[in-house]
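Next up: just one chain, as structure tokens, the form predicted alone.
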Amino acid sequence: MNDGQDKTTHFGFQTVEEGAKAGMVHGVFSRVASKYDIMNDLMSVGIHRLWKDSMMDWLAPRPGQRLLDVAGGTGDVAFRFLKRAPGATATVCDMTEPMLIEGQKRAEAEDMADRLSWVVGDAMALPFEDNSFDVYTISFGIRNVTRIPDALREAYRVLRPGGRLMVLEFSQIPNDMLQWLYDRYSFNVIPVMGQIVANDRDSYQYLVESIRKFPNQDTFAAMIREAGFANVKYRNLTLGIAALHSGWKI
């Protein structure tokens, strides 16, 4: 009988035991937590903020909705959601407690404390009841999950009927030359930047490699459908460097 201990997965370009990946990812984000927001601005030249605003534009938050933001880290998406939806509430769930601690230090967290909660949890086994949320978001986090189909099934489980999934993730540029140029930047600049700013080259090397291992837009859309979601669509952002995926629990 196979207990899953001999299964392997990828950690960036490394092949590792499936059971070891979550701890390795936890180590990466624990190390970079204090510099995470600064590095996001530097790596993307601030464009990640526009991507998250585009996410909110398509999501169109409504008053009174209940959001679950998984791998929510320092709260960027939850803060944006609450600003647009009076009376809404948000739960930020992340497996890495140091990321949540950094989020709670932000001024927005104090201003929105009565509508915001922070929970340590695993995307593959969420600590929430079935049919609990109106919206599930995950931004730049699902590629780090050990078993992506499990995370998508959990998203489906915790959403109420009529609820919406939205995923913002790095993706693949549908142009070989532009992808080659972007790869040169990613592999040659971002790890060096991580060493200079966060004193951690290896973590940012992993983050770059994890982007290249993530499925392309059509493949990931098929995975969302397989998890049970309907009306699955995606939009490319900045030529496909990132993509927004949307699906509904009907």
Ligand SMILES: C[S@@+](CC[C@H](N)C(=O)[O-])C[C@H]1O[C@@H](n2cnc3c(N)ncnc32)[C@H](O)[C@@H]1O
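Note that the structure is predicted; figures quoted are calculated from it, not measured. Start at 1 with the first residue shown and count on from there.
Another form exists, predicted together with the named molecule; not displayed. Remarks below refer to it.
Using a 4.5 Å cut-off to the named molecule in the model of the complex, each of Ala71, Met99 and Asp122 places a heavy atom inside that distance.
Exactly one of the stretches 57 to 65, 195 to 203, 24 to 32, 212 to 220 approaches the named molecule in the model of the complex with heavy atoms within 4.5 Å, and it is 24 to 32. In summary, among the residues Val167, Leu159, Val145, Leu116, the only one with a non-hydrogen atom within 4.5 Å of the named molecule in the model of the complex is Val145. Though the partner is left out of this view, Asn40 does reach within 4.5 Å of the named molecule in the model of the complex, counting heavy atoms only. Residue contact with the named molecule in the model of the complex: Gly163 places no heavy atom within 4.5 Å of it. For Trp51, no non-hydrogen atom is located within 4.5 Å of the named molecule in the model of the complex, even though that partner is not displayed. Interface residue remark: Gly103 is not counted as part of the site for the named molecule in the model of the complex, having no heavy atom within 4.5 Å. Along 129 to 148, a non-hydrogen atom within 4.5 Å of the named molecule in the model of the complex is carried by Ser139, Phe140, Gly141, Asn144, Val145, in order along the sequence.
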